[in-house]
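Next up: just one chain, as C-alpha cells, the form predicted alone.
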C-alpha cells in the first residue's frame, strides 16, 4: 500500500486558518468580471528571467505568474498541486512519483513533458543553482513516460514536498536552455517562457514589465487581460502612488502608514503573519565575527523591541530561533537574549578586545541592500552597537551589487536579510545547514546537520521536535543569526478588486494573480 498524498501533506503542512476550498473558488467569482489591466508596484527590475538560477525578489512576484512548479506554496502557507495532478510515495518513502497534467504547453507552443521536469531538477542540483539544497535528498530522477516523473530518494524525506513548493524550483523549458550558456540565456527576455497563466509581453528597463493573459493556460482561466509591474523602489512613493490610483496593488505599506486605511470604506484590510523573518547575520570566516563572543555581543546590544516598535508594522517581535508559527517545534527555553549593553561589552572584553582612543572595541561594516525597512533598521542597529562600543559603518547597496558582494563572494562581516522559513520546519535548514543556499554566514555545525537530517526522515512530530530542539540549542549557543522581527502583512486592498492571493489562500501562490479581477462598475 502506498503512502497517500493526504498523509504526505499532513506530514509537511503547517496548520493555518484559511477559507474552505469551495469558498475560495467562489471568492474569485465574487463580483469579479473578466478583462482589464491591473498595475502592480514592484521594487525593481528582475536580475534575470530565470527564477531558479539565482535568488531574485524582483522577479519572484512575476515568476509566480509566468512559470509553474510541480507543487506550489500558497498564500495561506499551505501546499497545493500545480503541474503535478497527483503524487504518491512508495511504502518505504524513498520513491516519489508525480503524475503530470496532460495537454500543457509552453508559452511558445511547445508541449511540456516530464523531461522538462527532470532537466530542470537535474540542472539545479548538478550546477548548484540557488536552491540546490532543496534537492539534496534526491538520488536520481527518471521519466517512465511523458506524464510521469519518479524521484528516487537517498533516504526517506518527508520534507521534499515542502521544499519543491518553495523558491527556486519552477519548471523551466529544456528546449530553451539546453543548448546554450545558462547565464547568458537567463538575462534574455526571449528565455522567459513558462507554462503559467500569464506570459511576458514587454519589458522596459527601470520602468515596467507587462504580462499578458495566456489564452492557452492549462489551469483555471486567468481573469485579467494584463498585469503591469511598475518599478517604484521607494516604499513611501509606492504608497502615495497607490493612494493616488497610479498603482492598483501594493506588496507592502510603510510602517508609519500601517493602520491608516483600516477604517477607510474604499479599502478592506487583510492581516497575516508569515514564517518570514528579518535577521542580522555574520560571516563566520571573518576574524572578528568568527568569534562567538562577538556574535553574542551583537545579539545583546541590539534593541530588538525598539526596532519592532519603530518599523514592525503588522508583524511581531522575534523571540525564538524558529518561527512561532511552528507551534509543534518551538522550544521556549531557547530564546533571543534580552538587551544587555553591559553584558555585550563584557563579552567583547572576554574575547580580548579593549577600547581604542575613540571608545570603541571594534570597527566593522554592515552591507545591506535597499529594501523596505532595511535602511531604517540598520540605522537603529548602528546606534545600538555604538552604545556597546562597536563602531558600525553602513554600506547600503543596490541588490545586484549586494548579491555579488555578500552571496557570491562572501566579502562581508555583517549583513541583514529577511526570508521565508517554512512551510515545513525543515525550512530553517536553508539558513543554517552546511552549504545551504541562503546560509550567508557560512555557518557549519555537524550537530545541526545531523539533527536536520534525522528530522527529515522522521514522521513522528514529537520525535522530530526533539531533533529540532537540538538545532535551536546550537543556534542559541553559536548565534549565526540575530532574529529581529516576524514579518507580517497589513495589506489594504481596494474594494473594487477581488480574488487576490489573500482572498483565495488555498488556490493562489503569494503573488499569483490567476483569480484576481476588478468588480463590475
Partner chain sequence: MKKKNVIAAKLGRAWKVIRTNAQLRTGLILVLILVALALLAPVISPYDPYKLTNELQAPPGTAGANGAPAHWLGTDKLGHDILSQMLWGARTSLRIGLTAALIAAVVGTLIGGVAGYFGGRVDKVIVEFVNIFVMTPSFFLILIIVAIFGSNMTYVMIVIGLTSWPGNARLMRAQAISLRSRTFIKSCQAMGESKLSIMFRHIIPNGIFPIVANTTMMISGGILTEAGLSFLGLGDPNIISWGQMINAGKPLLTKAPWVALVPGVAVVITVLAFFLIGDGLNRVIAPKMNANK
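In this text, the rigid core denotes the largest set of C-alpha atoms whose superposition between the two forms falls within 1.5 Å. Keep in mind that what you see is a predicted model, and the values were worked out from it rather than measured. Residue numbers count along the first chain shown, from 1.
The following text describes the form predicted together with its partner chain, which does not appear among the structures shown.
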**Complete:** With a 4.5 Å heavy atom cut-off to its partner chain in the predicted bound form, the contacting stretch among 102 to 110, 389 to 397, 171 to 179, 444 to 452 is 389 to 397
**Message:** Even though the partner isn't displayed, in the predicted bound form is residue 311 close enough to its partner chain, meaning a heavy atom within 4.5 Å?
**Reply:** yes
**Request:** Report yes if any heavy atom of residue 383 sits within 4.5 Å of a heavy atom of its partner chain in the predicted bound form; otherwise report no.
**Result:** yes
**Asked** Quick one: does residue 145 come within 4.5 Å of its partner chain in the predicted bound form, counting heavy atoms only?
**Response** no
**Prompt:** Is residue 256 close enough to touch its partner chain in the predicted bound form, meaning at least one heavy atom pair within 4.5 Å?
**Reply:** yes
**Interface residue in the predicted bound form among 358, 221, 85, 234, criterion: non-hydrogen atom within 4.5 angstroms of its partner chain** = 234
**Request:** Go through 376, 95, 293, 201 and name the one with a heavy atom inside 4.5 Å of its partner chain in the predicted bound form.
**Result:** 376
**Message:** After a rigid core superposition, would you say the CA of residue 66 moves by 2 angstroms or more between this form and the one not shown, or not?
**Reply:** no
**Item:** residue 100 C-alpha shift between this form and the one not shown of 2 Å or more, rigid core reference
**Value:** no
